[in-house]
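Alright, two takes on the same chain below, each alone as structure tokens: structure 1 and structure 2.
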Structure 1
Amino acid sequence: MARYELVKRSVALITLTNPPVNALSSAVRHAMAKSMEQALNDPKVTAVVICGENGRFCGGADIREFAGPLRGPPLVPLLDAIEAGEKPVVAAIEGVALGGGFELALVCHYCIAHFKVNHFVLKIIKAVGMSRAAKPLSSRRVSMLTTPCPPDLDALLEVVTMEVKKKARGVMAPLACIQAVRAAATMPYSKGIKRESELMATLFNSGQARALQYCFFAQRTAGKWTLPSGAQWNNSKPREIRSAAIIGLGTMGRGIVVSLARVGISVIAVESEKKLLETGKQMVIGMLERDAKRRGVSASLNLLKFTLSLQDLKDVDLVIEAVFEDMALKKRVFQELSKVCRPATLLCTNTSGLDVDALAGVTDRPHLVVGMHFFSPAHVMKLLEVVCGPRSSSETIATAMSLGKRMGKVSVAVGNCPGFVGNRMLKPYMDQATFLLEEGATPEQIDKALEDFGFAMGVFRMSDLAGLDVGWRIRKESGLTGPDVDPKNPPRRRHGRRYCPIPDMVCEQGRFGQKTGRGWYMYDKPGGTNAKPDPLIQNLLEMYRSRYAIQPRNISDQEIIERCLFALANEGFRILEDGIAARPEDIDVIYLFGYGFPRHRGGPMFYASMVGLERVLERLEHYHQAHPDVPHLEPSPLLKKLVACGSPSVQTWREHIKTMHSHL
């Protein structure tokens, strides 16, 4: 856990050895305390060097131990002892120094960054010796430094607090950080440290801390996919991808080209018309140049080729289709790709919800077909749903997952069903929001409740940003609205279920969201971002309610949160039952990285577990009784089963799903 060596007969070298990141576990703290004592008591030792094994100084406290009671020596007294010691201690930092690891570096009298290999120790000793001659060790102790306190500290911290409250609504830790900074600037060191410990204790015992720790491990678990066949992340070899092609240079296609090119993959971009190709090309080049400037590198424009001909794709390793969400069009593209591409080329689709297996079925290589569902804008958003069709091979899935990782995405393997995981869950969530509009709420009231909960954007502001016409087109194609609807059909029912036509009415007025300057809100201009409540929407809602004799009622924020979020989690339980997601962590990661679910709430499934599954079940039963024509509010069998089993922790739900059918 910490190795002790005497180097050149006078330097104690303490190496932290706790893979993978040399975290400060109880065993490491114990070993460090012993090693420091040995070094300080050994008259031969004139200086101490602390470093980490395998190129990583220290990743901070061992988060795996946070769930249990604190064991082993506490960190702060150990750090105090290092700092107060009479022998110079040097932090030789390589890789990371985070959290407690950074604190450890701070209390050392000297820090050397980018440290490698032991023979530098001599240089260190020399440097330390020279500094000691010039300056006494006491001047190197951080606790003895005075902190400059600006005269306008209160005003300064007030501004920062306002900014933090706006950006990280409801999150405790950044506000506690500001209080710690105030303590550092206004109190003597010993009192400031005490204040920081108090703040830390409050945070440490909070539900937010549990949620954030859960998110940390959920994110890392999500990459570890498993198929019922036994194939999994650590026994399936991905192919190396050197070249790729993107079909379609719309918003999604452009973002995918940028994501691939900036990690060094040659990309051929295909469009159907010269004008579209030229526009797409200029936009991609602009995006890559801006991205390269921001990162201080040169833009990888030489990796790009733009073409109108699918024939140019015959030698690429992988193709990602990003044309319109139109099954007939996608099938034509996949048939064509089958003819053109060499037999080993992987064929991927960026569909956001269509049947991946139906596309695989029109190709000559269904085992090499997989969904790669990016989120818009694709070069910014971190999430990638890798949609495994029943015929996708493990090598194909491994390749898509590994390519996602290479592009810096958080990739999650999901099964094939309409909407996959993310968009399938979005439907009941959005349905509840529009039903609440019918019943008396306003878009701004619903958005405010969701934003106060922690979402970066409420559902209506998010829809305005994404564009309302996309969903409208999908509803028209699936016969829910438009001329294909039987006029005898009651306007607020489809297929025997409640249906809210308000989103269709908004689109019929040409209000497609931010891009048209009007949507659920009004904006100062097309493309504007400053959303203001629109009296016309208010009128529309009032007319709608009076047409259908709906008596508007006062709706509480609690009802908004419960109906939207419990319906969301309820669909998550069904997804687990159906084997479309392997575990609740995968669903939560999808919502955290693709849909702006607040991280300090852990994701919809973790949130449900924090509220208490019994309570979620009771509220869903209550709302379903009030709205029996909304099947999404009917509690799922898995939720009932988990409650009957005593509401086990989210990490163990998987054991209760084992017997169910997997589509992964």
Structure 2
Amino acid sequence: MARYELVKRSVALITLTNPPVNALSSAVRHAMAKSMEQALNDPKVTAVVICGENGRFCGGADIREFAGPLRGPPLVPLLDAIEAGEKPVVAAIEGVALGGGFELALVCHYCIAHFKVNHFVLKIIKAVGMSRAAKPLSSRRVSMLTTPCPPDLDALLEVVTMEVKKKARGVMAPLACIQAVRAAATMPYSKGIKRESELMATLFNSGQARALQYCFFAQRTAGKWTLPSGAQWNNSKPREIRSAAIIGLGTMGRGIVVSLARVGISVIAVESEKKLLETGKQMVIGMLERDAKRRGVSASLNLLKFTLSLQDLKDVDLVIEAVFEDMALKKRVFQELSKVCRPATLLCTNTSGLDVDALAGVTDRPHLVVGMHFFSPAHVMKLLEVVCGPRSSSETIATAMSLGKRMGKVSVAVGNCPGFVGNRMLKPYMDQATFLLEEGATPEQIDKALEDFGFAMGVFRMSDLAGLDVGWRIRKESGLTGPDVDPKNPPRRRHGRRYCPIPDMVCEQGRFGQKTGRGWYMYDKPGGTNAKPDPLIQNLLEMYRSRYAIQPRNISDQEIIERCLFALANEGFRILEDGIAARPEDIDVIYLFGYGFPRHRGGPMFYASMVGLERVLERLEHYHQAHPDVPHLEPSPLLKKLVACGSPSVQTWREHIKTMHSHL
């Protein structure tokens, strides 16, 4: 874990050896402490060099040790011993020096950083070990240095604190960092270190720390999905994808083209009209050039081909359909692809919620059809839902998962149902928000409550960004609104359950969000981003409540959070019951990376466990009793079962889930 060598007869070389990032595990700390003691006590040693194996200095603490009690020597006394030693210690830094690894570098008396530093270790040992050994180290000790402070330090830190509070949205660590900086600037070294340790202990034992640690491991767990047979998808050898085609150059299609091209995959992009093709081509080229400039590489424009003909796709390895979200249109595309593409070509759909198996059914290769649901903008967003149709082969799933990983995505395998996981859960969340509007809340109040909880955007700001016409079109196609709706039915009920027509009324006024300059909010101009409360929306709400004799009431932020987030988690429990997701970690990863759920809350399922499943059950029962015509407020059987079993930890919920048939 830490290799000790005597080099040039007088220099101790300590190499951290804990792949992949040489984390400071208990074994590494123990070996380092032993090695440093040996070096400091050996009269032949005049200097020490610390480096990391395999091109990485040190990635910091080992997160796997966070959950339990500390084992092995603590890090701080080891760092103190290095800094206080009478022999010069050099940090030879290559690759990463993060967290505790950065602290290790700071306490060393000299630091040398290079992208190939290990090639120069011997030179470092001539340059430092020999020439510095006789020189005093007092000026090289961090604890002996003074901190230069501006005269207006308090005012400066106060301004920074206010700025960080706005951005942190309830996260504790950034504010604790400011307090640690204040201590470093205003206290002696020993007292400043003590204050930092106190702050660290507070953070380390917080629920936010547990949530962030959970997120770290949940992301890795999501990639270990298993087939119902018990075989892992990553035990099925994925196909190598050298060439791909994208059908449709709208917002989503363009992002997918960029995602593929920048990892070296040849892409043929198809559009139906020449003008659309040319517009899409110029936007893709611009996106790739900007991306390449930012990364300091050449744009992969030679990998692109743009065409109006599906006939050009006959030799590609994989096709991703990204056309308009219309089942009839998508079926026509898949029928054509079956005729054009070679029999072994994988056919993927980017649908956000339509039946993947229905698309597979119109092809000559249903086992080679899979959903690849990217999130917009596809070249930026990390999440990829890989939707397993009932006839998708394990090789097909493995290929989609592997391709997602190659593109830098967090890929999560999900089952085939309306909305899959993310959008299926989103519906009750958004429904609760609109029901709260009916009852007396305003868009800005609901958004503020959700943003104070930690979301970057509340429901209504998010809807304005996405475009209100998208949901409106889906509701019309589903028969929930529009001229085909039975006028004899009550306007606030559909299919025997509560329905809120306010979003439809907003769209009927041509208010589609940021792109039209008006939505739930008003904007300076079409395409603007500065959301302001709109008096016309308030007038609409007052008129609506008056028409249906709804007496508005004061609604607390707590009720907003509970109704929106508990309804979200409740649908997650149903998804687990239905076998649409393999485990709660998968659901949380989807919401962390696809829907902006705050990481310090851990995801909707982890948040429910942190609040307490008994509390979630009690509040859902309360709200369902108050709103019996809202089925998604009725607690799910799995939630009731988990509470009856003593509310086990989220990592063990899978043991309590017994589905008759997994959709994965």
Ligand SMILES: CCC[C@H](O)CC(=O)SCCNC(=O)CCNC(=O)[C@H](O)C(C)(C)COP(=O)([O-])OP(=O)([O-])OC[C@H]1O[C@@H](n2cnc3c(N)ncnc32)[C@H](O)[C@@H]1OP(=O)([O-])[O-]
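In this text, the rigid core denotes the largest set of C-alpha atoms whose superposition between the two forms falls within 1.5 Å. Here, residue number means position along structure 1's sequence, counting from 1. Note that the structure is a prediction, hence the values are computed from the model and not measured.
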Subject >> Which of the two shown structures is the form predicted alone >> reply: 2
Subject >> Hinge of the chain between the two structures, where one rigid part gives way to the other, from E53, L203, L383, R424 >> reply: L203
Subject >> Hinge rotation, rigid parts compared between the two structures (°, from C-alpha fits) >> reply: 9
**OP:** May I ask for the C-alpha shift of M32 between the two structures, in Å, based on superposition of the rigid core?
**Re:** 2.9
